[in-house]
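The data below hold one chain only, encoded as C-alpha cells and taken in the form predicted on its own.
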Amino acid sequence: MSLLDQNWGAGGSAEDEAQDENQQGRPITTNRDGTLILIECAPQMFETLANQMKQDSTFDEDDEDAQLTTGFQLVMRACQRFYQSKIISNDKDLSGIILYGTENSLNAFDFKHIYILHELAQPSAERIIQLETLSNKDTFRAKYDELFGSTQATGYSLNEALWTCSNLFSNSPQRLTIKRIFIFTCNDQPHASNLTLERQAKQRAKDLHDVGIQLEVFPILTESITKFDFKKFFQDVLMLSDEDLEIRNNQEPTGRLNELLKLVYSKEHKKRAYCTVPFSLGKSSDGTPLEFSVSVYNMVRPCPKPTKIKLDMKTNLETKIVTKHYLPETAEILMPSDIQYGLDVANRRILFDSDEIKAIKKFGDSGFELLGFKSLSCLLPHHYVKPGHFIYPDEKYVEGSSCLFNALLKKCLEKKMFILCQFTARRNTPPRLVALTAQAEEVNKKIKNDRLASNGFHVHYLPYADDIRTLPKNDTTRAANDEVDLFKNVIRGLKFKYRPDKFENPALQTLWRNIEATALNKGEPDEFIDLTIPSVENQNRKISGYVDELKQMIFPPGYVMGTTKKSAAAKRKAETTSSPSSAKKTKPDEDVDVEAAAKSNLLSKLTVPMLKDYCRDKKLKASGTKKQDFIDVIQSHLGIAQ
C-alpha cells in the first residue's frame, strides 16, 4: 500500500454518494456555505444604467429587465433571485445583505453609514418579499427612503463594511465550509481622496483572504460611470495577477438580469470533487508503483424533487421512523448483533455475518488502474451505461501530476485513442470498467479569454459481459431508396441545434413555482413555458410539402392520418351496433310523465337523461349538471315545495 493511501478518498459533498464508515480518506462533513452581499449605495447606483450595459438587448414592455432601470434595482432583483435559487438548490446555506453608504445605520458595532438589511441566516419568504419591494420600479424609492434615509451619505469606509462582514461570519452559530463576500459597486476607487481609508480597506481585504474568506466584485455601470478599472483599487483587494487583471478589465458588464445572475452563480458554484484518487500506471522495474493524483468531478447529476416530510396531524411536528426486527413466533426484539444475512440458492440457504458481508464488498483500494489503450472507433453508442465523470490532475497529493497527466492527454489526442481502466471510486464499492476519452482545451473565439472547455479526460462507464443483452434478429422489409430519400428530407427539415442547458425540467419548475406562490402569498404561480413541447405549427410548416407525398407513397388509399386499425374497427363496430335494440331502450323514456312523478315526489327515481330532456323541452336552465340540480329546477317550475 502506498504511503499516500491515507490521504486518498472522497472530497465531495454530502449530497454525493455516502462514504462507508470504514473507508479510508478524508471524512465527509456537512457542507454549509455562507454568502454576504455587500452593496454600495452611492448616488450613481440610482442613475439609469449605462447604454453599453443594454446593448444587443431588446426589451418588451412586459420584460422583467425593462422594469430595472437603475443599478440598485438590478442588484436587489439579483439578490431576490439568488435567495430563491438557494431555497431550491441548498436551503441550508446562509445568506445576508449589508448596505454601506446609507444615511441611516443599523449594526452592532456603531459604524456609521452601514446598514445590515439581513443577518446571516437561511433565506425566507419575508426576505424575498422585501427584496421584491426594493426592486419594484413603483415602490423601491419610497421603501429605500423609509429604511435607509433619503440623504446620500459621504465619507463611509469600505474597511468598516468588510469588518462588519467578518464579524457576522465569526458570530455565526453554524460552522461554515465556505465564506464569500460579493461586493456590488459602481466605484472603482472608493477612497481616492483618502489614502488612509484606502490602505485600511486593502489591509482588511488581505486579512479576510488569510482567514479563508473569498471576495468577489461585480461592477455596475451607469450613465456617469461608463468604465470600471480594477487596477485602480480592486486589484489589490482581490489579489489579482496581471493576467487576471487583464481578463477582468476585458469583461463587459451587463445590465441584463439573467446575465448578471449567471455571473453570480459562476462565482458561487461549489467546485467540489466527487473524489480524489490515485491513477496507477503500473510498477517500475524495482517494484515502485508509478502513479499520479486526479480529482473526479460529476458533469451531470439528476435534480430530484424535494422529499416529503411526515408530520403529526395534531402538533405539526416532524415524525421519526424507527425500524425494529422481531421474531414472528415469540415477538422478541432482535439487536443488530443477533441478525444474520442469508441467500437462497438451489433450495439451500447460505448464511453470512456482517464481517463476511464487508469482506465480500471489498475488492481493492480506490483509484484508476490502467488496463490498456484502444482506438476511439471501438467505443460505440450502445456501450453507454450511465452518466460519467471528468478527471483533472491534483497537485495536492502527488507533485508533478499535471505534467504526467498532460503528457498522457497529448498522446491520446494525437493517436485518437482512449484509455481502458478499472475504476474504484470508493474502497467498499465494486470496480467498474471505464473508458477515458481525451478532451482538448477550447477557447471562445468571439470573447477573449473565455474558456469553453478544459483539458482533461471524460470518464465513460462501460458494460460488463453480464450487462449486454442480445436482441432478436428480425428480417424486416427494407424501404425503397426513394422512400429513404423522402424521410431524409423530413428529418432534415425537423433538425435543430439541441442544447440541454436550454431545457428546464417542467415537473420541477411547475412544483417550485407553486411552492413559491404559496410561500410568497401570490395569487397565481409564475407562468412557465415548457420548451419540451414541440411547436406543431412550425413542424407542419417545415414538412408540409412532404406530407401528401408520404401518404401517397407509404399508406394505402383512403387512409386517414392519425387513425389506427383499432380505432377504425371500433368506429365500424359502433355504427353496426346502433340497431333497433338501442331504440327500444330509449322508447320507454319518452312515455315517462315527469310532472306526475314530481307531484308524487318520485323525481329521484328517474334517470338524469329523462330529467335533462324535460328541462330542454320546457327551456329550463339548471344550476349544475347533477341530478339534484335538475330536480330542484323542475320542482321550482311546477311550484312544488322542496
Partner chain sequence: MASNKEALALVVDIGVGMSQTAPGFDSPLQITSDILQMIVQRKMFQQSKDELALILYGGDETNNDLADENNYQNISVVFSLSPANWHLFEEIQKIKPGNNPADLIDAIVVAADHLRRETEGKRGYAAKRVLLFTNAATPFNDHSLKVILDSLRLQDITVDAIGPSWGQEEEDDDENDRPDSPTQTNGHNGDSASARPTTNGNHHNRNQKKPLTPQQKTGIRIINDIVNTTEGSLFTFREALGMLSIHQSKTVKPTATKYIMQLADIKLHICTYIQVKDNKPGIFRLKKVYARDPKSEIKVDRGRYTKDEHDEEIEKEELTDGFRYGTTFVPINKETLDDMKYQSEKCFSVIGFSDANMMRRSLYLGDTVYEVIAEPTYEEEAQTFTGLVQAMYDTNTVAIVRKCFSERSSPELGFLRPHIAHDHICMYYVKLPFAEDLREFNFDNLDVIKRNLPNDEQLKTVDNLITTMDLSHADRGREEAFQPELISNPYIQRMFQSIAQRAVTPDEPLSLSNTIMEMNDTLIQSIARKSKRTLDTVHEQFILRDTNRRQKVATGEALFGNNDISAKKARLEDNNEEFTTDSTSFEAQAAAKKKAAIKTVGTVTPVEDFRILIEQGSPSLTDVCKQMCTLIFDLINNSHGDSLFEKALQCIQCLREICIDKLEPKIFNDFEVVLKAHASDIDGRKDFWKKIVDEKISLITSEECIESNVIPVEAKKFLEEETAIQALNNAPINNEQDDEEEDLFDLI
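Numbering follows the first chain given and starts at 1. Quantities reported herein were computed from a predicted structural model and do not represent experimental measurements.
Another form exists, predicted together with the partner chain; not displayed. Remarks below refer to it.
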Point to revise | Site test, Phe292, Lys386 and Ser454 vs the partner chain in the model of the complex, non-hydrogen atom cutoff 4.5 Å | key: yes
Check your understanding: Where does the partner chain sit in the model of the complex: which of 181-189, 434-442, 168-176, 141-149, heavy atoms within 4.5 Å?
Key -> 434-442
Check your understanding: Using a 4.5 Å cut on heavy atoms, which of Ser224, Asn250, Thr196, Asn540 is close to the partner chain in the model of the complex?
Key -> Asn540
Exercise for review: Scan Val217, Cys412, Ile116, Ala201 and let me know which has any heavy atom within 4.5 Å of the partner chain in the model of the complex.
Suggested key: Cys412
Review point. Applying a 4.5 Å heavy atom distance criterion, does Arg426 contact the partner chain in the model of the complex?
Key: no
Practice item. Would you check, heavy atoms only and a 4.5 Å threshold, whether Leu106 touches the partner chain in the model of the complex? Key: no
Check your understanding: Is Leu208 close enough to the partner chain in the model of the complex to count, meaning some heavy atom within 4.5 Å?
Key -> no
Check your understanding: Would Glu549 sit within 4.5 Å of the partner chain in the model of the complex, counting heavy atoms only?
Key -> no
Exercise for review: Can you tell me which bits of 359-386 touch the partner chain in the model of the complex, meaning any heavy atom within 4.5 Å?
Suggested key: Ala359, Ile360, Lys361, Lys362, Phe363, Glu369, Leu370, Leu371, Gly372, Phe373, Lys374, Ser375, Cys378, Leu379, Leu380, Pro381, His382, His383, Tyr384, Val385, Lys386
